[in-house]
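Take a look at this single chain in structure tokens; it is the form predicted on its own.
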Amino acid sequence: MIIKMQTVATAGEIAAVEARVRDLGYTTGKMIGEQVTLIGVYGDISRLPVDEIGQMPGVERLIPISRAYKRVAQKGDPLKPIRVTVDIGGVTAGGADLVVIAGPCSVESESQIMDAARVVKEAGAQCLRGGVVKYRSSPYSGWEGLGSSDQDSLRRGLELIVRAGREFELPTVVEILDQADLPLYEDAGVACLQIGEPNSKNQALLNRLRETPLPVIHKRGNSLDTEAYLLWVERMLTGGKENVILCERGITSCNRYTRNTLDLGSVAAFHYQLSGLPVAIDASHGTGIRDLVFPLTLAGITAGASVVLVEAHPNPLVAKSDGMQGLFPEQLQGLVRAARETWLARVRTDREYVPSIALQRAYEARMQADRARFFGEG
């Protein structure tokens, strides 16, 4: 962490900041320039009271100089960051085109998943999603998926969704719950694995996924702050894996109207500031309300998402799980059309995005003159 002092900071103010930081148990170092003094802070900055230090007299701002998540973090020139692309069965996520992954919450039967794949293909989405085993916090919550009873049923469920995907030339995205089942998913021909919210902090599962060549969509846990989430994603990447997609699907908040609170601020932070990995938006789980999926999916694309996850069912009124948030086929068609229009608009408007680092040095050079001009200082 670097503490940048104001150009008008006095020697006493600088000394006071150094003393306070040392009192908190940190080691400090100081660089004194012609106009600006920088104070380096060494140690675990996660416990540094940044609000308190930032408000001390003479402090201009605090600058993080490293992040605990080294592999997830954005790389390259801040003005031209390196963007990672992820291949999902021949579909490129994080590249020049928007990727839409759609399908039912779960695989319910052969005819249902075949019909769902047809609906997804006709709508213009590129990938088919569907759960074969569903996570349930209560044994009384109902449907746990076609493949929940044993490994034979899991194989059968995986076979059904992969066959439906191949029938309609759609790579398949399937949630995995247990690290021991990974070979079954690989052998079945699944194109991409999904880590659901309940397993976002499953250490054993994430460690195991370092070894698979399959891409992974990692959904953010609803209680994880932005940086804690990226550290859990980092766990998969430490072995050299790179083909991971971040996914915002809503966090817990005081809001009780929607199922979760979709954190669009973090979507923007992931894309524009924190990471080079592709970012997905899942407004189905982020809202839990069918009629809100459309506007919040478009908002997520505008905020920085290049991948869309959406639940859709041939008839959500008879769905065995999450029917309230599953789109009707006509709604999916409209969403895909609107999402592509929104993506094209974002590509155009992104040309106007200017990161502060491109401007800051010029404005820092004007600070003393502007203080005198605006406030009569100096």
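This is a predicted model, so every value here is computed, not measured. The first residue of the sequence shown is number 1, and the count goes up from there.
Keep in mind that the form predicted in complex with a small molecule is missing from the display, and what follows is about it.
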For the three residues Arg71, Glu234 and His271, verify that every one has a non-hydrogen atom within 4.5 Å of the small molecule in the predicted complex; reply yes or no.
no
Interface membership of Glu197, the small molecule in the predicted complex, 4.5 Å heavy atom rule:
yes
Is there any non-hydrogen atom of Glu175 lying within 4.5 Å of the small molecule in the predicted complex?
yes
If you check in the predicted complex, is Ile251 within 4.5 Å of the small molecule, heavy atoms only?
no
Can Cys105 be called a contact residue for the small molecule in the predicted complex at 4.5 Å between heavy atoms?
yes
Which of 72-80, 263-271, 188-196, 91-99 sits within 4.5 Å of the small molecule in the predicted complex, heavy atom basis:
188-196
